[in-house]
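Before any questions on binding or motion, here is one chain by itself as structure tokens, the form predicted on its own.
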């Protein structure tokens, strides 16, 4: 039962099985303690006793969203105009926020600027390509490892493609990205360090600001950043996540992003899974390239 002034019990309609859900549950995420008992789930779509449909986010809590009902803080939620597809919202909001928030509140992307998405073939990366275009990027370079997913990205807004892991990937990114303004990095690790060096050495205007936004660490938790890259180009490295973005910064972006998803602005590949099948869904690490969403 909800007890706090801003607490509300909602009937959960959909909750995404995001990578953050898994890492919080294991205790490997920087916001998760990994303590048991635990109900997983960091966000979802639900209906409260007032009858309103809401998208909600949850802070570090043992009462997650993968349940028939959960307790939310209404200050961490936004009312969703109906009709709306709860599964699509639950699938897209968390990964889309990873690029939407930094481009709207940390970097403030200007119309016509160039964006490089490093790790563009992951679910969040594919949305980042679309988000960058939606927010006015003139050029979006997509770099990723999965050739099938990479081939789909031009129809989602990518201007150029680079397959990571190929011998010529780093110099190709250096040349293509000579004039980019923002890097959205879901990869990190040695890959990020190499690409950073390649971009710095190919800058068409070394004093033109380049903001590197660290979002994910698919290639490793640390990156050996080359000092020469920081000295030879006007490069700044920032992080985007809980802590580096305040709750107010994140909440301010929810209504516009909900509206964009509700209007079908992004291609979202989601698969609904009944809640009783959560064990098998948890074991399915990839979802077949889809974002798995638990539903009642």
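Everything quoted here is computed from the prediction, not taken from an experiment. Residue numbers count along the first chain shown, from 1.
Omitted from view is the form predicted in complex with a small molecule, to which the following refers.
Within this chain, residue 94 lines the site of the small molecule in the predicted complex, having a heavy atom no more than 4.5 Å away. Taking the partner from elsewhere, residue 177 is found to have every heavy atom lying beyond 4.5 Å of the small molecule in the predicted complex. At least one heavy atom of residue 146 is located within 4.5 Å of the small molecule in the predicted complex.
Contact annotation: residue 98 falls within 4.5 Å of the small molecule in the predicted complex, judged by heavy atom distances. Residue-level contacts in the predicted complex: of 159, 217, 105, 201, one residue has a heavy atom within 4.5 Å of the small molecule, and it is 217. Out of the listed residues 87, 139, 109, 164, 164 is the one that sits within 4.5 Å of the small molecule in the predicted complex by at least one heavy atom. The partner is not drawn, yet in the predicted complex one stretch among 75 to 83, 203 to 211, 120 to 128, 169 to 177 has residues with heavy atoms inside 4.5 Å of the small molecule: 120 to 128.
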